[in-house]
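First, one chain by itself in structure tokens, the form predicted alone.
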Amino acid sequence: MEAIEKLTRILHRKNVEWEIYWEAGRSTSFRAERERLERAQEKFFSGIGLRIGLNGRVGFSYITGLPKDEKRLTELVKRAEKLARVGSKPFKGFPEPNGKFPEIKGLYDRAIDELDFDEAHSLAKEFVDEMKGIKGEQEEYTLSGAMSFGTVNTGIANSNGIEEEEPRTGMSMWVYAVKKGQRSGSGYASQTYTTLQGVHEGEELIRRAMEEADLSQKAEKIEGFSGEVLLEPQAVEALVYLFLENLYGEGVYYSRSCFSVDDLGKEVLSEKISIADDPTIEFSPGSYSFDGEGVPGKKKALVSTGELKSFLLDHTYAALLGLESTGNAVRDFRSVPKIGTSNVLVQKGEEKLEDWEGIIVSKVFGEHTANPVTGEFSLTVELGYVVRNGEAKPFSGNMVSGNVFDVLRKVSWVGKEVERRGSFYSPKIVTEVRLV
């Protein structure tokens, strides 16, 4: 790319460490209200982010577009240099080449990349027509939703010799259903994909949202309970991400985590629980062959049979903690790298939990109110079930509370069927919580 080559030549004339991150892409989205397409939007974006390391400090600046004007590129370098002189964030250099980048199938689908606006509009209209068809004469339901498509070419180069570029595509759909009556109920379903094949799952999402709205309408609050509860994958997701906040290297370094480097290898959760972060899963929305600093993507066990095995690290905080980057730097061209997750997997067990009798918590909300360091949480049950003699009675409105570390230490059963929700994969689990 001409702009990157020009910028590289300018930087080679400087006595500095540098890193260029660039993106160029397009997104198209459609919004439906009351089973009608109401809004459509197409965005084009591109830009360059530049980090410069100078005398143990780092500066960052960016420009939108991929300009060919050398004057603008020179000004970009001057701004980043100026900020590096006054920077306060610790700087441990940029990563060096470390092995081959993995080849991952399904990150890019030419069918999405070459989809023009009219073709995307036709697919969105088919999605809305499916809503109308499934709703039929059931006037008590109101459906809304969205469909979007995106393609981006991402690249990185630094003064240590890292240079890589990768195209990626994505597609997402969501449906929100409301069922009216003497009381109302609501349901929501969504999914993301890397290829256009996912467009065929729209009908399933619509039906799932409507079924949930029907159950939600019938749900009532139940009496308090303490003991074993089955958590479905969406409820598991809320607790696992709350736990994972303690594994971010920045939090570990600044003692904002309940763990330290000395805890690696110690048993922190139930031996039934294994959690991994894996950006190399084929056809998965959280996958990449290199992270936001050019470190190759790789699978790593975070917790294995209850033992803490790894933190989530970028290059800087890995160096500060005396560890190696795990390839978990995430960013766009407008931002400096931050630590994040790729695909998160809770390993399946061997239990068949489809016939579970008792309390099932399916969906919760309110994770933002939890304290990730102490682990204390109190989440609202959006939908759950009490199953007796094979009959399921829905409930909602209760609070499920506890301490995430205790809850994940008390996991006694793990199901053998894994469900994907975007970039999160999990089976059902059984553990002890308190419902109030």
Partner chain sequence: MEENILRIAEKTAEKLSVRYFEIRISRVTTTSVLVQNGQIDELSNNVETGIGVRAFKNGWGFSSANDLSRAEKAIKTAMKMAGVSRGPEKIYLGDPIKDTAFLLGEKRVDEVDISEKLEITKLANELLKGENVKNRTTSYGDVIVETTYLNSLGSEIRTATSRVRLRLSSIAFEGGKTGEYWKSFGGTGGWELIERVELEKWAKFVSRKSRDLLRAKAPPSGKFDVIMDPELTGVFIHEAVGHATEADAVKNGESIFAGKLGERVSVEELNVVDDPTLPGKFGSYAYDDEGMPGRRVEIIKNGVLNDYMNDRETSALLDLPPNGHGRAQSYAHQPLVRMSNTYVEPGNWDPEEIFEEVKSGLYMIGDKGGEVDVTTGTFTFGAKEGYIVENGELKAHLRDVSLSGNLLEVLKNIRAIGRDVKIQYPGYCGKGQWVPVDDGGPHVLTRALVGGMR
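Numbering follows the first chain given and starts at 1. The structure presented is a predicted model; accordingly, all values stated were derived computationally and were not measured.
Another form, the form predicted together with the partner chain, is not on view; read the next lines as being about it.
ask   = the partner chain isn't shown here, but in the predicted complex which of 135, 256, 299, 309 has a heavy atom within 4.5 Å of it?
value = For this set of options, the contacting one is 256.
ask   = Among 348, 338, 207, 92, which has at least one heavy atom within 4.5 Å of the partner chain in the predicted complex?
value = The residue from 348, 338, 207, 92 that makes the contact is 338.
ask   = Any of the heavy atoms of residue 167 lying within 4.5 Å of the partner chain in the predicted complex?
value = No.
query = Using 4.5 Å between non-hydrogen atoms, is residue 387 touching the partner chain in the predicted complex?
reply = Residue-level check for residue 387: no, no contact with the partner chain.
task = Answer with yes or no whether residue 376 is in contact with the partner chain in the predicted complex, where contact means some heavy atom within 4.5 Å.
result = Result yes; residue 376 sits at the interface with the partner chain in the predicted complex.
task = Find out whether any non-hydrogen atom of residue 411 is located within 4.5 angstroms of the partner chain in the predicted complex, and reply yes or no.
result = So residue 411 does not count as contacting the partner chain.
Candidate spot 101, 172 and 352, all three touching the partner chain in the predicted complex (heavy atom, 4.5 Å) = Negative, none of the three is within 4.5 Å.
Which of 286-294, 265-273, 213-221, 107-115 lines the interface with the partner chain in the predicted complex (heavy atom within 4.5 Å) = Answer to the contact question: 213-221.
task = Could you run down 412-436 and flag each residue that has a heavy atom within 4.5 Å of the partner chain in the predicted complex?
result = In sequence order, 434, 436 come within 4.5 Å of the partner.
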